[in-house]
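In the form predicted alone, a lone chain appears below as structure tokens.
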Amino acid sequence: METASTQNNECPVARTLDVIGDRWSLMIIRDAFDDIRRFSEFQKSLGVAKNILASRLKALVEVGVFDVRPASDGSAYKEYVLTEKGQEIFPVVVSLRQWGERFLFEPGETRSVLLDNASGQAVMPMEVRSASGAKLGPLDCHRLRRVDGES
């Protein structure tokens, strides 16, 4: 999914959007967090055309977000299972969800809510925190160009 224009880009946001930045890829990943694993289940849940679903799943496998495994029930089907790399996208999906909950629904409008399995309570809002634990906003941060291994 990387394009020539951004694969050499030093911006992590641009590179991330190349991999998971389109609607269908993110919706597939969201469904995987809800334990959907089979092509037919993704297709039924999302209502996406089969060719689009196939191309997105293939690309997500190629970049290491999903592994393809034999079906856990022993059938002839295959399953798409999030890798560790794919699991690490969870905070991104939660942040998008919480932004949408806050700004895209009218009072009284039905929506889904993400609950903590242990407590049954809604998940706390995501926040960016400093190394010391202080809450940070956009004006509290800056970007620095660096090479891995440099301080």
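As the structure is a computational prediction, the values presented were derived from the model and not from experiment. So that there is no doubt, residue numbering starts at 1 and follows the sequence shown.
Note that the form predicted in complex with the DNA isn't included here; everything after this is about it.
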Exercise. Do Arg23 and the DNA come within 4.5 Å of each other in the predicted bound form, heavy atoms counted?
Worked result: yes
Exercise. Taking 4.5 angstroms as the cut-off for heavy atoms, does Arg38 touch the DNA in the predicted bound form?
Worked result: yes
Exercise. Quick one: is Asn117 in contact with the DNA in the predicted bound form, heavy atoms, 4.5 Å cut-off?
Worked result: no
Problem set entry | Contact test in the predicted bound form: Leu96 vs the DNA, heavy atoms, 4.5 Å | no
For this session: Within 4.5 Å of the DNA in the predicted bound form, counting heavy atoms only, one of 106-114, 39-47, 119-127, 83-91 shows up; tell me which.
Result: 39-47
Exercise. In sequence order, which positions of 44-63 have a non-hydrogen atom within 4.5 Å of the DNA in the predicted bound form?
Worked result: Ala49, Lys50, Asn51, Ile52, Ala54, Arg56
